[in-house]
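The chain below stands alone, shown as structure tokens; this is the form predicted on its own.
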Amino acid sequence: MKIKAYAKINITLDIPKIREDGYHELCSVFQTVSLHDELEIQISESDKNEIELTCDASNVPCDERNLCWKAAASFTEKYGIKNKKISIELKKNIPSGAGLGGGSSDCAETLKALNKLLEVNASNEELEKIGVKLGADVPFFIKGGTQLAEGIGEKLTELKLPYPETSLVILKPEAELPTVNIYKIFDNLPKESLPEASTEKFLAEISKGDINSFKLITNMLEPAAKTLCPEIEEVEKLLLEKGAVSSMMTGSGSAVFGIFTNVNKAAEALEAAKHNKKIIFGTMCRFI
């Protein structure tokens, strides 16, 4: 079975509070985009359960550290699958350390594929319960689309937003930003240095289908990420100068997206990025 694992962006990212257990509560609009990894998963008979994972990216582990591997192991254990060899071939197009959720998406699509191939017929809710134990973003990718994420990301509400027609440009500086490091820096920043929460305002305005709604969006983790990767600000400036309605970092970084109403301007921005040595990845895509 050949499948696509789509990336996501955080259109907004608010952090209302830090819980007593140390987890950060979120309020964020998650959105899948057409940038995707590619997976091919096959099942064959075996004397025992086996998982074979290959990947075209040298920096991606192909053992029990990989989320696809963990998904296969968790799924077979949960549903008592015996004597199966699960072969997974992964082609990476989504950059790592970018805030685009590539690993979580690969994990979710592995769960969904195994559910079909092994004819388990588990519900999306059951798959989400497996996924949340593997990664906070995994449950979102079971359904994808547009969802409001709250709590620590496990409380999901599907949204139907009247987006205007847009093109999306995603650019990534060289730095890979570990999420845990960004949150540690965030915890020590003065509150007055953080952007204002924007999710509520954005949802109210985008419901009218107004492209200017994107000018309201903020990501509270940006100041923390920029301390480790100042190039983020440079990338945002490039996109705005090339005509983006709005430009913002996604997740904990370091990828930045720009929202364009003109596809030609989006293409020009992507071309300009190719001449910037600090940008190692760039693509045009769309909301899906």
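What you are looking at is a predicted structure, and each value in this text was computed from that prediction instead of being measured. Throughout, we count residues from 1 along the sequence that is shown.
Not on display, but discussed next: the form predicted in complex with a small molecule.
Heavy atoms within 4.5 Å of the small molecule in the predicted bound form belong, among the stretches 101-109, 114-122, 71-79, 187-195, to residues of 101-109.
Taking the partner from the other structure, the small molecule in the predicted bound form has no heavy atom within 4.5 Å of any heavy atom of residue 91.
For the chain shown alone, residue 96 is a contact residue for the small molecule in the predicted bound form, at least one non-hydrogen atom being within 4.5 angstroms. When the small molecule is considered in the predicted bound form, residue 65 lines it closely, a heavy atom lying within 4.5 Å. Not displayed here, the small molecule is approached by residue 61 to within 4.5 Å at the level of heavy atoms in the predicted bound form.
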